[in-house]
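The chain below stands alone, shown as structure tokens; this is the form predicted alone.
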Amino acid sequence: MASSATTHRHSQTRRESPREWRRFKFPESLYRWAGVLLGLVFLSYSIIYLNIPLERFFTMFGRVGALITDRYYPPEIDYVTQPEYLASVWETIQMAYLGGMFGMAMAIPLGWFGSYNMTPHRRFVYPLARFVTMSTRSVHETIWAILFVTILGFGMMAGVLALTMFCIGFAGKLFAEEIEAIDMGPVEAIRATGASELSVMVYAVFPQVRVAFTGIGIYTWDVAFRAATVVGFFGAGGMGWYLKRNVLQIETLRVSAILVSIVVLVLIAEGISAWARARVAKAK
């Protein structure tokens, strides 16, 4: 009893003691400064190779302000309050919701198979799940939208599938990382009883990742909603279709009104997702 109390006191003292500062010594200091130097050299080389005139950067803001004042102000707010445009806003919300839900439904088993500690087979299933996750994540949602519009034609179906593929890669990686960080003690205890892998998932894994999965799901929908406002520009329907039409018709006042409506909707979605993530965090 006394030994355990002494051990607890020593561990608490060790935990509360401040970290000791030490100077980088050779060769750590050499590696550190060499890395900084290489980064600066590559930055300078990129600016010179890409022929980026830095002097124009400081005069850019004045020209941008003059352009917005002359062509995009005041925004035509009456246009974004018409029933047809409001219907496209509702379609965009539905497209983001369906894409996020379908993507997360497929990302959960991918996260299970792609976690090294819980995958059914580390030699075949694990690399295959990781490959699928990385493949869907490496392609931008706009490229997915162009691909599905080419195959299926214009419409919401192409947008939903593009957002689904985007969410599979986005959420699948986060799900796998959360599963890999769980405590394996409950997993081994459930397996010792002869339970199936589904029972292990339900009773040992899910209670540990429940809060994290909920937060990831909320964040995935938030990102999917922002992407949904863009994929419509490439023929997937929603608000993006109205944006593309007015850009091509050079209706700059309507374009500015659509951009303002997108910013407002994204801010509202960000507020809702932040509130939901805060509620989820309190559940821990």
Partner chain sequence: MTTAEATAREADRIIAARSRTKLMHSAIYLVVLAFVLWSVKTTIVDDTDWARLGSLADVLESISEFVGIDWGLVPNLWEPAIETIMVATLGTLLGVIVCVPAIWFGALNITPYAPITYPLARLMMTLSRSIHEIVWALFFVAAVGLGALAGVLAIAVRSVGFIAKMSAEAIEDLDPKPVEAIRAVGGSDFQVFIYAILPQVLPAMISVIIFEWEINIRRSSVLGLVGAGGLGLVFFRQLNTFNHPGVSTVILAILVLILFGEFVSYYVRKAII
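Positions refer to the first chain, counted from 1. On a predicted model such as this, the values are computed, not experimentally measured, just so you know.
Separately, the form predicted together with the partner chain exists; it is not shown, and the next lines address it.
Every residue of the trio Arg56, Phe233 and Val263 has some heavy atom no more than 4.5 Å from the partner chain in the model of the complex. The closest heavy atom approach of Gly153 to the partner chain in the model of the complex falls within 4.5 Å. The partner chain in the model of the complex is not approached by Phe175, whose heavy atoms all lie more than 4.5 angstroms from it.
Shown alone here, Trp90 lies within 4.5 Å of the partner chain in the model of the complex, counting heavy atoms only. Contact between Tyr85 and the partner chain in the model of the complex is not found at the 4.5 Å heavy atom cutoff. When you look in the model of the complex, the only residue of Ile108, Met101, Val80, Ala129 with a non-hydrogen atom within 4.5 Å of the partner chain is Met101. Residues Ile47, Tyr49, Leu50, Ile52, Pro53, Arg56, Phe57, Met60, Arg63, Val64, Leu67, Ile68, Arg71, Tyr72 are the ones in 47 to 84 with at least one heavy atom within 4.5 Å of the partner chain in the model of the complex, listed in sequence order.
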